[in-house]
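Below you will find one chain, with nothing else, as structure tokens; this is the form predicted alone, and questions on how it binds or moves follow later.
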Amino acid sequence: MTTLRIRRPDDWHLHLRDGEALAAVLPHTVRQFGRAIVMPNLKPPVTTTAAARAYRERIMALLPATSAFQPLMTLYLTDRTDPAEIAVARASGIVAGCKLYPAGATTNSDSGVTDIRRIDAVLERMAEHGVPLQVHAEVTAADVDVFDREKRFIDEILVPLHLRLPSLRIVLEHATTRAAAEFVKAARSNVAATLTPQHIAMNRNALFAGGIRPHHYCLPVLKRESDRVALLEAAVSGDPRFFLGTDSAPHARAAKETACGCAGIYSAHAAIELYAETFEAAGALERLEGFASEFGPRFYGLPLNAGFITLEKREWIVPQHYPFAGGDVLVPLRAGEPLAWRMTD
């Protein structure tokens, strides 16, 4: 196969940042995707419907007049989230879910939830109104190995939550382990997971190939080869509970190549091409459309996109960097390396 035409896909987990950074990265997503779930971990975080509406307006102001792209907004849950805000969010028509960041788990998560039981009333309202809970599934206790944080969260928090509120719609975002895939498969149909291009294509060895590779560092961190295989099998299985979510997370090169080494992999520049390459290598290119364009909208109760995109089997070299905010640059996934597929304009 040298040409692949699929319904325009959606990105069900995306970081766009704000200001100059937003303006720099938004065109990459808009070129490929019809919609995207936009993460709320700004500074300050997007904790109310009013703040989500204002953020959405800033995104929309940067779109070409002819663009049909739709940003789907999320609210950042805290220990102080007002349960009444859930009804407001649902009625707004612009909020597609609420994001659970365990406090301290990842970038700009310091204001996140310190104990899941502190937001029981909020979660009950979400179940009542059909608002999905989008979960960064990691415990943050210092005595838990970083490679075990996701499994511990599933066992200690997510499984009890699913039993306590069986009608709550849950998306385990950027799943990284075999345990995550098995949890979703064993759960009710209102539980799903998003899968990133990096977690289905790379294992933790990629962090150290030829030296420390800061641009391969993300949270949750890349895991064992057995985990990668389990996630790839889930992605190409045709199971509608697994769908595309890039977790594309832009950081300036200076913030990645430093003592901080901020967590985040930027993949929006070539997201659908990265998935196509991995699906082809797995002998499942014919299942890419379901994973990328159909399963996510159906889970979120939205119509499929009307348009289509075309991918060509044509090798190209990913640029070493792209312009970013503050005069710095952004180093993308696979920088300077060949990709086998390219979306045609």
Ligand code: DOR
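Counting begins at 1, following the sequence as shown. Remember, predicted model here, so these are calculated numbers, not experimental data.
Just so it is clear, the following notes concern the form predicted in complex with the named molecule, a form of the same protein that is not shown.
Comment: 99-107 is the region of 99-107, 178-186, 232-240, 163-171 lying near the named molecule in the predicted bound form, near meaning a non-hydrogen atom within 4.5 Å. A heavy atom within 4.5 Å of the named molecule in the predicted bound form is found for one listed residue only; from A89, A249, I154, L244, this is A249. Think of it this way: in the predicted bound form, the named molecule has a heavy atom of just one of G264, P214, P132, G112 within 4.5 Å, and the residue is G264.
When the named molecule is considered in the predicted bound form, N41 lines it closely, a heavy atom lying within 4.5 Å. In the predicted bound form, the named molecule stays beyond 4.5 Å of every heavy atom belonging to R334. By the criterion of a heavy atom within 4.5 Å, H269 is excluded from the residues contacting the named molecule in the predicted bound form. For the chain shown alone, H136 is a contact residue for the named molecule in the predicted bound form, at least one non-hydrogen atom being within 4.5 angstroms. Taking the named molecule as positioned in the predicted bound form, the residues of 207-237 that bring a heavy atom within 4.5 Å of it are, in sequence order, C218, L219.
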